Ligand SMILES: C[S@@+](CC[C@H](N)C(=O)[O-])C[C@H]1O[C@@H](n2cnc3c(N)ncnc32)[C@H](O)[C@@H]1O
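Before any questions on binding or motion, here is one chain by itself as structure tokens, the form predicted alone.
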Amino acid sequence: MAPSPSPTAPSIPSGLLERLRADAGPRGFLPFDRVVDRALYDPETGYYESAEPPLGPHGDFYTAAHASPLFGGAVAARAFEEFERLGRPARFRIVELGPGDGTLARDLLAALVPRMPPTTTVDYVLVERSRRLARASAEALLGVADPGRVAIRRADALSTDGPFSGFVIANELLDAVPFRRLVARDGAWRELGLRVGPAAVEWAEGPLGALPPPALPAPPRDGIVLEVAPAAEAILREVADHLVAGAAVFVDYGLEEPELLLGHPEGTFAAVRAHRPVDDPLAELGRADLSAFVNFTRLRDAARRAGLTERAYVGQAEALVRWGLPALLEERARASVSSEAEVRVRLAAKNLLFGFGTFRVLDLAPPGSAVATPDATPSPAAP
């Protein structure tokens, strides 16, 4: 079940290997979230800082936003709903967490701005940790900014400007937030990470470090691997601390914890290049995208503990339909310049509805909001 301890020759970029070795220190052991953090986000050698574009059809992976502009249009409809709920403010803030190459922002604004009153300014804030992706998103939005209608800026964090009202959107962010890997041994959980030596890196185990609540489940059997992401849960706490009114919508792939344990006993950690899984992820650190399924049981518990209220917790297809995707599809199909173009539009919409089967939408209201939650299924009871 657990990864093989066989060492991997360091074809890893030398700069990244040196940083991992320094992080590991004399013990030589690194919990896996620290490995992911370095491999993806290191400002000099991280994957997201690479010169080659990682996103889109010609990159290593694509998101729903790359599959069709209809996705951005549907998210725009959800944002407009929140704009009206807030009383049509003169300045409406949208914060996108992890905007990547700016595709979603571009499509969302293209669909949203024509619907807004001429006296309203959309304040679009891009929170992107990667410097290279921040530049890419800025380039994608060149020409979109319009004085008095659209203001676009980058921020280091959602909390940069303090408390605010508005709409928060994060599409495929949480799966790539640094995550820990735990392995069951003798009926208890241990930390799964890497031993970084002078000539190789290899899987290794260590004592379990501290975790925020809730308590971990009892392992069904030895050898099972479970991924958890306290960093993702911390993002929800940050939202709760700073979103005064409005909504926060998270779209990502994942499962509830019992489904992860029973259906994925080896864990869900994956490394991808050119849209294909990498055979030896350790050999491709810094050169491949790393991700794991979102543990929605822990994520929803973190939201509840932070005071956030679930407006909805549904599959992506159901959310898109509720946000008006069918009408958007017919509008775009009618505007197609040819029958072939119309077919492409309809196939892309079909992909959005049926090609993202494990994707869920978690729609949250800030603390203190009086919101009915008929669409939210109960979170597991906290210990």
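In this text, residue numbers run from 1 along the sequence as written. No experiment lies behind these values; they were computed from the predicted model shown.
The same protein also exists as the form predicted in complex with the named molecule; that form is not shown, yet it is the one meant from here on.
Residue contact with the named molecule in the predicted bound form: R332 places no heavy atom within 4.5 Å of it.
Interface residue remark: Y48 is counted as part of the site for the named molecule in the predicted bound form, having a heavy atom within 4.5 Å. The closest non-hydrogen atom of L192 lies beyond 4.5 Å of the named molecule in the predicted bound form. R305 falls outside the set of residues with a heavy atom inside 4.5 Å of the named molecule in the predicted bound form. Out of the listed residues L243, V201, L173, L299, L173 is the one that sits within 4.5 Å of the named molecule in the predicted bound form by at least one heavy atom. Screening R34, H66, R322, R346 for any heavy atom within 4.5 Å of the named molecule in the predicted bound form leaves a single hit, H66. In short, of 120-128, 74-82, 183-191, 222-230 it is 120-128 that has heavy atoms within 4.5 Å of the named molecule in the predicted bound form. Taking the named molecule as positioned in the predicted bound form, the only residue of 133-169 that brings a heavy atom within 4.5 Å of it is L133.
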